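Before any questions on binding or motion, here is one chain by itself as structure tokens, the form predicted alone.
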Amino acid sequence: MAKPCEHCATNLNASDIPLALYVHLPWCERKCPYCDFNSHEQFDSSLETGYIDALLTDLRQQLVSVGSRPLFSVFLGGGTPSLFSGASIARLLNGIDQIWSIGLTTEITMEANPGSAEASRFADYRSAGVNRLSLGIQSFADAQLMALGRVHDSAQAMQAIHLAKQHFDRFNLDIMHGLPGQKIETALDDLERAIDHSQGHVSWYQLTIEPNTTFWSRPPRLPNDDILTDIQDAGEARFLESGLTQYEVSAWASHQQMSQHNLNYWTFGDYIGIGAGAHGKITKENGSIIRTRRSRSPRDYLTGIAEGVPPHQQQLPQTELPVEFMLNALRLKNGVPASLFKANTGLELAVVEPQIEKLVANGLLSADTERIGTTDHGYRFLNDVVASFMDNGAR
């Protein structure tokens, strides 16, 4: 690890950094061919009780190391969390509240699929304490849903949205484009319907083929680059007309509907991760920043929790903090306050001034000294902008 330097703070004030909770529920009804997340088939409802017991034990174990910091937000991800019953989600959230008090206004998001079995439970999830849904719609076209291996159809997607509107003031619609066999008109029709039926938040992003997926070993025929560019340009124009603002690489929302949990990620906040394969980021009282992770296998995870095995931990070297921060913060369309760099890394902004000055000169980073953020041009080349900080060391 790099030694402290004249530009580096001696420690961080961990209590000033928001601390959220991510809960991973790793089972799916069927693994989608494009999915590289930690998800597993063969879910059985008999697993729910033991797994929730393990999650709450996991939380108790990890909270010991972070003291009395308040809970910022909760996110139930997967997998398909909506495979769990409303009663199980209620027991989970009640258990979290008893261990780590959930505030009356704390954002509690749950990912859900539009299948009829899950959608019928929305009222139970709301009663359990969930106050925000993220619906995995992906497309409103049955042909594209079949190509993606989804277990729902367009009619079920619309029914899920209808039920979400009945029970939730806040929800996200998750839509992909650049799908197998997709034409520009179909992609824009998906987006139009998502905007029309949203509650003010849409996640819209291009399908990518990831290693260790079925699509990687058997690639589908995807639209060519020209079509993908046309879809992206037309989609961004449609969002502009809609009044939804792009606040993150793949998210558009009205101000009141922005995901607070995700904003905490992108501003380099802290989060505890519980569940099979869950990752976390924790700032210690001594100023060190720790990445944590749990075993990906549900069976190994349950065994490890029963045996009191702590999550794997890795301290982030100071030399990696600038790029870690920029990788997250620059995803935000408007960037972040410049003061946040020191507040959440412990480093003086001087360690990245050469990179910032060069990017500003090239028109890729904003010249606003009070904020760190890209220009519109730089946002289109975000990977290149972030890569500029990769060779940076804390000197």
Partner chain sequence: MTELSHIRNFSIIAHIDHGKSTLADRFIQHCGGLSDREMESQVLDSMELERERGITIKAQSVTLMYQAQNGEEYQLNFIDTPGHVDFSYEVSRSLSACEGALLVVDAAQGVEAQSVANCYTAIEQGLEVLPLLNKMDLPQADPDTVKLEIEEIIGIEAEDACPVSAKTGLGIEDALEYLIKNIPAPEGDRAAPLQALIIDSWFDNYLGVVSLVRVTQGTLRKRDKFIVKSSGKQHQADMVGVFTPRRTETAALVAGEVGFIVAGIKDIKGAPVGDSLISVAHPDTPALPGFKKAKPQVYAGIFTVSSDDYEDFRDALGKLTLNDASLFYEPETSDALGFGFRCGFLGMLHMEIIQERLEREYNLDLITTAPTVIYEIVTKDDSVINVDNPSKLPDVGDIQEMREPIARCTILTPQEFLGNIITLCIDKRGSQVDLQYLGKQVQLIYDIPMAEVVLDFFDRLKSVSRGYASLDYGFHCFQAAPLSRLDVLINGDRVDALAVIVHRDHIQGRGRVLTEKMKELIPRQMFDVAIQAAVGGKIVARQTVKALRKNVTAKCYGGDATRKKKLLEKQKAGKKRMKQVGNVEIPQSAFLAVLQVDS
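Numbering follows the first chain given and starts at 1. Since this is a predicted model, take the numbers as computed values, not measurements.
Below, we turn to the form predicted together with its partner chain, even though it does not appear here.
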Notebook entry, point to check: Which listed residue (249, 158, 222, 117) meets the criterion of a heavy atom within 4.5 Å of its partner chain in the model of the complex?
Noted result: 249
Margin query: Can you pick out, from 279, 284, 167, 183, the residue that has a heavy atom within 4.5 Å of its partner chain in the model of the complex?
Written below: 279
Check: Among 146 to 154, 100 to 108, 266 to 274, 87 to 95, which stretch has residues with heavy atoms no more than 4.5 Å from its partner chain in the model of the complex?
Finding: 266 to 274
Margin query: in the model of the complex, is there a heavy atom of its partner chain that lies within 4.5 Å of any heavy atom of residue 16, even though the partner is absent here?
Written below: no
Note to self: With the partner left out here, check for me: in the model of the complex, does some heavy atom of residue 54 sit within 4.5 Å of its partner chain?
What the structure shows: no
Item checked: Touches its partner chain in the model of the complex: residue 210 (any heavy atom, 4.5 Å) -> yes
Margin query: Test of understanding: in the model of the complex, would residue 238 fall inside 4.5 Å of its partner chain by heavy atoms?
Written below: no
Next item on the list: For the three residues 42, 113 and 214, verify that every one has a non-hydrogen atom within 4.5 Å of its partner chain in the model of the complex; reply yes or no.
Entry: no
Item checked: Partner contacts in the model of the complex for 38 to 62 (non-hydrogen atom within 4.5 angstroms of its partner chain) -> none
